[in-house]
Ligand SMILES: NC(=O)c1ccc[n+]([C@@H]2O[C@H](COP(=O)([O-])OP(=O)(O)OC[C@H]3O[C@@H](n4cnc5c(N)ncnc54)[C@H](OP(=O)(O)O)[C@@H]3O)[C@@H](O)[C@H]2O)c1
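Encoded as structure tokens, the following chain is the form predicted alone, with no partner shown.
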Amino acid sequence: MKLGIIGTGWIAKQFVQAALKTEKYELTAVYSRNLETAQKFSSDFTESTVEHFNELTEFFHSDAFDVVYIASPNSLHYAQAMAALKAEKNVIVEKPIATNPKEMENLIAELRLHPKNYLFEAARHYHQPNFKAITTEIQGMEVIQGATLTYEKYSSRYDAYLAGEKPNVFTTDFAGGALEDLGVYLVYDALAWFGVPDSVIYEATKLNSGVDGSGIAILKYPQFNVTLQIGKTANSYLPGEIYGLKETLVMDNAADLNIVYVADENGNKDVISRLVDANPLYEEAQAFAEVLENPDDLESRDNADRWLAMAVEVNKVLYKLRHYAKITFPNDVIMDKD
């Protein structure tokens, strides 16, 4: 498959490495606002012909690629995904695919006008085998009494923020903050493993820029609560835990999921995880390729629809959490007016 890329940061590089490793994609087009940046990006991967663009309209109307991976700042995802769908491209969007439910609704409406195309949210851990192992283990638990899930990782851009700069990931203009960047992984966890919560709250620690540097979310279910600890201004080494009756399901990290085990009442550990690929985006690149290689297959359509339905629910919960914490993005105001 011919792959086009929007964005030349580390996550785009990691996705291209994963995609090429599957041997099902070929890098054929790169967009960047700076043409030299696009050229430098592609030169790290291939010596074959790659087309480079610094104008989005020209990029989307090019025949150089048929599937695009979008890894631009969060606030740009919606408009770029919409343009890609209108150009009848298959679209993979780095999470979050959109910043509010109205954007998501509009994207799905556009997708329905192009029934031969696919739209994926790149939530990497959702496609990893250890995520699926946890899902299976939970289904066999007789009692669930709640969970505590943590993803708190010091951002490489936080030093710049403290120095007075305005990195995209720490501004409302670019839909930044801990919840949208890291919390999305934990919301995927909770919804996939426990379903949609009855209600949510989010006690955010806001930065002067208006985004959340960290926060504690509580997702309330009929019989238990799920607590999410999120942050981009410190590092946490706390494991994630899901509480049964006498057993506890433990993961080293609720987003990376490298080691997962079940501890019994005596502390004995039954490891249910397996070694994962060194590139955390490999499994999602493989999963998307399997659908795109068999676009008319019923299983492909069912998988893609199920993944997109989950993305819709995650989007709703993220928006409710932000609303509770009174964190507003510019796109929210535009959509509210619509």
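Please read these numbers as outputs of a predicted model, since none were measured by experiment. When you see a residue number, it is the position in the sequence shown, counting from 1.
Separately, the form predicted together with the ligand exists; it is not shown, and the next lines address it.
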{"query": "The single option of T205, S209, N225, N168 touching the ligand in the predicted bound form, heavy atom within 4.5 Å", "finding": "N168"}
{"query": "The unique member of D181, E241, E247, E110 whose heavy atoms fall within 4.5 Å of the ligand in the predicted bound form", "finding": "D181"}
{"query": "Output flag, P73, R124 and F174 jointly within 4.5 Å of the ligand in the predicted bound form, heavy atom basis", "finding": "yes"}
{"query": "In the predicted bound form, Y118 touching the ligand (heavy atom, 4.5 Å)", "finding": "no"}
{"query": "4.5 Å heavy atom contact, F131 to the ligand in the predicted bound form", "finding": "no"}
{"query": "Non-hydrogen atom contact R301 with the ligand in the predicted bound form at 4.5 angstroms", "finding": "no"}
{"query": "R33: touches the ligand in the predicted bound form, heavy atom cutoff 4.5 angstroms", "finding": "yes"}
{"query": "Option from 310-318, 323-331, 21-29, 8-16 whose residues, in the predicted bound form, bring a heavy atom within 4.5 Å of the ligand", "finding": "8-16"}
